[in-house]
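Just the one chain here, laid out as structure tokens, in the form predicted on its own.
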């Protein structure tokens, strides 16, 4: 009998024996509510998206425009959205979010509802459309497309009145119906203050909790795309991480209670950074940070682009803490991603490939001190099968358990990566990593939450055995993947 046939026969015998010995009808763990919507679960798995700040500010050398800037200033000389997308895709980004309208009110598409847009620009004789060009380039490359549309508008004469809210909704309708599908709609907490306001040159204040009537506005958008992710300080699809440094909380719950939160509310940064155990809604953190000191391009910052190593460290403190990374890469006044930024992105990709390409866990044997009902469908081998939809689970009353990886010979390990089966909710409160060294177990790292993904840098450790222990959890364990690099 050929070897391959003999191996197949042995496999069949093993499977029959396993089925015969497996307890029947072992139910999966009950979900720990709240759980992510399918669109949120897909969003988690994107891991990294690009942010693009490009507008009139690119040509005025400002971060926030006042609203009185002439559209004549918008004149990119070599605009190429495909060049942007190529750089993003090469680095591994899965989506792109464009500042279609920043606080100055200038629109990067020829909106039918205002004259303050690219249609009044000399660029392409008023026929240009940045939104369409980028949306088309994204779809051509297989990337998702999202929009930032500032609720604050320092140009519009009606800002602060009910008429402006209708204008804002008309713009959202225009964008979603013309440039969709749109995977994420992004807006921040900057609302009200001094501005041009159609020539009024004054300060206008609004009640951030009620002025925009967000429930009605979001219902309108959902009528165009029911699966859209809404980002704001308080979600409801994703929340701000509480800072712009690229740092998610070491404790990072995907749950939060949003009843008292709204975009722009003061004093909520720490809560947004950590989330809250037992929060009523699944509103995960999105970590937004810029590759440069500013959000828009400034040539004086060409030498201040974050290095590949800095970007890698941001990856560890964002994706590696269960968040999604939104990295801003602003095009220059040519309408291109600057060469320094492209070089940094490529170097970042090299580091990701070098440090996370070879998963040592796939070469190890694995065992656990417990698994749910002794059923093969919840066994520890599912932690190293490369499938995020399978998981190791424990019986309902077991909220602390260990798994051990063992290799035939010693390995040098640096990063330990753990993922929960978050479709069933977030459970883990604390865990630790240990190596077997000098005939005893030695702790090399501890952590709190896991969530979608947690990466621990344990330093260079040499060992043939690694043990992961969940020390506390909200309910029985459900862990999807364990990787070691």
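Positions refer to the first chain, counted from 1. Here the structure is a predicted model, which is why all the values come from computation and not from measurement.
We do not show the form predicted together with a small molecule, though everything after this point is about it.
Worksheet item: Is there a heavy atom of residue 186 no more than 4.5 Å from a heavy atom of the small molecule in the model of the complex?
Response: Yes, residue 186 is a contact residue.
Fill in: the small molecule contact at residue 148 in the model of the complex, heavy atom, 4.5 Å
Close contact exists here: in the model of the complex, residue 148 approaches the small molecule to within 4.5 Å, heavy atoms only.
Worksheet item: Using 4.5 Å between non-hydrogen atoms, is residue 431 touching the small molecule in the model of the complex?
Response: So residue 431 does not count as contacting the small molecule.
Worksheet item: Can any non-hydrogen atom of residue 66 be found within 4.5 angstroms of the small molecule in the model of the complex?
Response: No.
Worksheet item: When the small molecule is placed as it is in the model of the complex, which of 216 to 224, 251 to 259, 95 to 103, 167 to 175 ends up with heavy atoms within 4.5 Å of it?
Response: Flagged stretch: 95 to 103.
Item to complete: Would you mind picking the one in 230, 295, 212, 179 that has a heavy atom within 4.5 Å of the small molecule in the model of the complex?
Response: Comparing distances to the small molecule in the model of the complex, the residue within 4.5 Å is 295.
Worksheet entry | Contacting member of 244, 202, 277, 339, with respect to the small molecule in the model of the complex [4.5 Å, heavy atom] | Spelling it out, the residue with a heavy atom inside the cut-off is 244.
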